[in-house]
Structure formats: C-alpha cells, structure tokens
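Shown here is one chain on its own, the form predicted alone, set out as structure tokens.
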C-alpha cells in the first residue's frame, strides 16, 4: 500500500495567535490512498513537490514524468491570476480605475465560469469580494478585525454583476477589485490534467493546496481512494472511491487568525463582509471541472444546505459531502454508494 498525503496550506503562529497554512499542514483536507504494489514493476512512479500559486503542490505521476511541464504551466497561470503580482491580468484589472483591460484567454475563461457560479448560487460566490478580504489581511498576512464602518464601505465595492466581460475585454467599476483565490487552483488542476495526458502520463494525482485532481485510472486498475479528514482531528470522516475528477474541500478550519479569543476564518460572506457563519465544518465538492468544484465548495460553505439542495436540483454531475456543525455527514445520493466508513462516522444522510 502506497500512501500519498496532500497538503492544504501551512500552519504557523502569527500575531493575534493566528494560524495560517502555506507550507506544512495543520489539517489535511484529503489523503489519497493507492494500492499499487502489483504495478510498480510495470509503471514507473514519479513524485515531486512544487511551490506555486501561494501553496505547496504535490504531484505523483505514473508512466512518465511531467514535473517540469506542470511547474512551468502553474507558474504561467499564477502570472495571470495573482492578485498581488504586478502586471498579472487580475492586478491590471484591479488597477484599471474603471478602464477596459485586455486579458488572456485563460483569465477570460475563469471569469466567465465565476460569473456562471455567481449567478447560479445567488451571489454566494463573488470574486469581487477582494476589497473586504484585504481589510481582514488574508492576502497580506497583516491580520486585523476591521471596523463595521470600514466593512460597510468596502461592501459597496462588492458586486460581480457590475464586472463586464466581453471576449477578452474586462471592464470593472472604479474601486472594484477581483480575487480568484476561490477558483484559480481548481482551474489550474483541470489545465494540468490535460497537460499531463498530453505528455504521456497514464495516471496521476495532483494536489494544489488541497484541491485534488486525479488523472486517468488508479494504477491498480481500480478507483482512486480519497480519505476525507475530520476538521476536528482524529479519524477520517470517510473514504471516497472516484475515477478521474476534481475533489475540493473548503472549511473555516483551513485558514484563520484569532483575536481576543475569537477565531476569524478566511471565507468571507459577501452579504455581510464577515467570515461566513456556516452550517458546515467542511464542504467537499466532486466534479469533472476543477474550477466549478472549487467555486462551489466556497459557495456551498457560505450559502448552506438550502443552497446546496437548490443547486443540485437543477445541475447534474455535481456531488457533495457536507460535514455539519452537529458532526453529521450529508451526501448527495449518487456519491453515497462510493463511500467507505471506517472512522468516527458510521453513516451519512442523503440529499
């Protein structure tokens, strides 16, 4: 049995006794377990660890090593999507002061996917939340609790419906600012999936800070086994058996700081400007498109169970695993038969 662990950010003590994840994990969102003993003699295994898009990235390939190509592609995408890197597409949009900006095909595609999720989740996923996120210090590691007045002023700039995307031209209102942190890693996983296949990789697992993308079939001939960690620690919530797909988990335990004994996490509710008061400890979304899974995991964490039910009723190909504040597991019906329970959780409700 070969065990591949994937990190979701890093943990270190910051001011206000904060804990932020970028390099070594305090909590692992997922672990991918592969049984490949019978195949290692036939397919060579390549493992590498990279750093891009502000997170640790783990790549395991079978059949061919495409580490260099993946590293180059991730850094190229970061140069387009970064909110802090000068002259990135997002940086130029945020500095445009209301002027139209020409952007790359990739940035335009991500912004259009974001617009679709924004509309379909009743604005729970809003990439224009950056003016508020910046107040809390989550993009600069200068953490502080903003005043109510500052939050209300920043919220006046948050409205993704006012961002106009026409082909490769983007026009946003003066003062509006975008942040693709809730969708870019999922998109990068999908792009790297296609890149790996084009470079002769028969099977692979790519983890971008916890956004897991499986590629091809597990080398043992079965499905990939993904173990979801319990946000409270201890045993896994469950194992999921999947084919090629994206698996993305969001939760308030992933990145936060503490001030005056209160914890403030990084998932900001665009309706209030404060960390989302979620019904869930964690939300996992399984989908073919990593960008969609990434954005939906954030939207569902913010919007709650009713939003999840409404979305699933009108969209196919999306599966969810929801871990509630009451320590219950709620899963979509089609994924329920692909779960294994061997930890603290023995069963799940279905929706």
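Numbering follows the first chain given and starts at 1. Everything quoted here is computed from the prediction, not taken from an experiment.
Same protein, other form: the form predicted together with a small molecule, not shown, and the subject of what follows.
> Pick from 268, 226, 188, 246: which has a non-hydrogen atom within 4.5 Å of the small molecule in the predicted bound form?
Result of the distance check: 268.
> Sort through 93, 240, 133, 196 and report the residue having a heavy atom within 4.5 Å of the small molecule in the predicted bound form.
For this set of options, the contacting one is 133.
> Taking the small molecule as it sits in the predicted bound form, is residue 124 near enough to touch it, meaning that at least one heavy atom pair lies within 4.5 angstroms?
Close contact exists here: in the predicted bound form, residue 124 approaches the small molecule to within 4.5 Å, heavy atoms only.
> If you check in the predicted bound form, is residue 207 within 4.5 Å of the small molecule, heavy atoms only?
No - in the predicted bound form, heavy atoms of residue 207 and the small molecule never come within 4.5 Å of each other.
> Given that the partner is absent here, does residue 129 sit within 4.5 Å of the small molecule in the predicted bound form, heavy atoms only?
Residue 129: yes, in contact with the small molecule in the predicted bound form.
> Even though the partner isn't displayed, in the predicted bound form is residue 279 close enough to the small molecule, meaning a heavy atom within 4.5 Å?
Looking in the predicted bound form, residue contacts with the small molecule do not include residue 279, since no heavy atom lies within 4.5 Å.
> When the small molecule is placed as it is in the predicted bound form, which of 307-315, 322-330, 53-61, 290-298 ends up with heavy atoms within 4.5 Å of it?
Of the options, only 290-298 has residues within 4.5 Å of the partner.
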